[in-house]
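This document opens with one chain alone, in structure tokens, the form predicted on its own.
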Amino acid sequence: MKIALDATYSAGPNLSGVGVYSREILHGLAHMHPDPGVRWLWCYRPHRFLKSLRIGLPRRCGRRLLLDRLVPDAALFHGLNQRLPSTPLRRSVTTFHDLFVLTGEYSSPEFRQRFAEQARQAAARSDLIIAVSAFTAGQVEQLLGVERSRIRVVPHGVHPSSPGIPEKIILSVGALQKRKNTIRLVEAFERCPPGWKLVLAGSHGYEAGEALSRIEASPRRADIELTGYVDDVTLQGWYGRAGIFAFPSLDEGFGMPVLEAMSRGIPVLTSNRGALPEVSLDAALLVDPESTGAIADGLRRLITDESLQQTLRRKGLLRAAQFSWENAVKRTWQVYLELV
């Protein structure tokens, strides 16, 4: 039996959250199910195909070019990023990560139009849909008209890590962009006690220019570090040094960095909207992301309240332990078994 997956987003040096998810699912399935009766086809769209040639494939995995009207013959096709080829498929599964393209102006009009159309088509044509959170499942149902019986919730995972040695660093991971609420985080940091440093780890995203201008004008500019995109090793180094993790995003379908921070025993401040309350439960300090004052108050509490720090460290470690990529892979395989 052949199972094909859209591996496009797992190729390249600077993986986004979708890229990390794709990598973990692809490799996890190949290693967890080495059944000689199953052959995995990793399919790449033209703009990433050459980059994919640098990636070594596990046993019983093949590499294929993916075009909308040219798809390898397979019993099942899995679109890992809310998109399917336009050609008819035998059976199909699509993973939906978020639908911010339908709920806010967090990207260019051209991107929103293209991505929204791809999402609608994938939702209509998928035999089953994987949503990475109950929040995203609800959005797929309400915004795309998908009956709940076709949706399966399979959360992201996180790899276990050891707590580091915290310094006076507030770390935030994610692209500098409107949706990640960078400007309000910077303004909130300006109200924090001196001696602390804000580290913004991520590439430049939509409307990054506004955030960069605000950072340059900040009276605490000397205390703000912009790392740009960082590789996994460098990122783990920052997690190991962070005393607080701040993620006041305006819209998230899951929020993988929150889990990563919790797994390192870092007290987390995050938003009270989207999937973030679902992911963090009571293991993070939740704030209104549209209130700079609320973000600032939350950061100051985490800086000064050692009892709260210890409570969130303990609860965060316990919460992160409930999510694993191994479990995500197993549950994805169970979705496949419903169809083939």
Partner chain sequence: MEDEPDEIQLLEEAFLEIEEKRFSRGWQACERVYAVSLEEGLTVLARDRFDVILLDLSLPGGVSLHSFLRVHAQAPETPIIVLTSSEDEPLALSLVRQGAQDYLIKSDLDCAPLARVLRCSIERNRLSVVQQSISLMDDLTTLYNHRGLTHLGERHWNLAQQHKLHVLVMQASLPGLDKIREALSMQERDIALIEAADLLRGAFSETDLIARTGTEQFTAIALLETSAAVQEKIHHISRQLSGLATLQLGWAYSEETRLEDLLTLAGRSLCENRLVENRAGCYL
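Small disclaimer: the values here were computed from a predicted structure and weren't measured. Numbering follows the first chain given and starts at 1.
Another form, the form predicted together with the partner chain, is not on view; read the next lines as being about it.
Contact with the partner chain in the predicted bound form for Val154, defined as at least one heavy atom pair within 4.5 Å: yes or no?
Flag for Val154 set to yes.
Does the 4.5 Å heavy atom contact test between Ala124 and the partner chain in the predicted bound form come out positive?
Contact check for Ala124: no, nothing within 4.5 Å of the partner chain in the predicted bound form.
Applying a 4.5 Å heavy atom distance criterion, does Ser271 contact the partner chain in the predicted bound form?
Ser271: no, not in contact with the partner chain in the predicted bound form.
Exercise: Ser161 in contact with the partner chain in the predicted bound form, heavy atom 4.5 Å:
Yes, Ser161 is a contact residue.
Considering Lys315, Arg64, His33, Arg39, which brings a non-hydrogen atom within 4.5 Å of the partner chain in the predicted bound form?
Looking at Lys315, Arg64, His33, Arg39 one by one, just Lys315 meets the 4.5 Å heavy-atom criterion.
The unique member of Ile295, Leu29, Leu302, Ala283 whose heavy atoms fall within 4.5 Å of the partner chain in the predicted bound form
Result of the distance check: Ala283.
Thinking of Arg148, Ala321 and Arg331 as one candidate spot, does the partner chain come within 4.5 Å of a heavy atom in every one of them in the predicted bound form?
Affirmative, all three are within 4.5 Å.
Counting only heavy atoms and a 4.5 Å cutoff, which of 179-187, 115-123, 162-170, 207-215 contacts the partner chain in the predicted bound form?
Contact-bearing stretch, as computed: 162-170.
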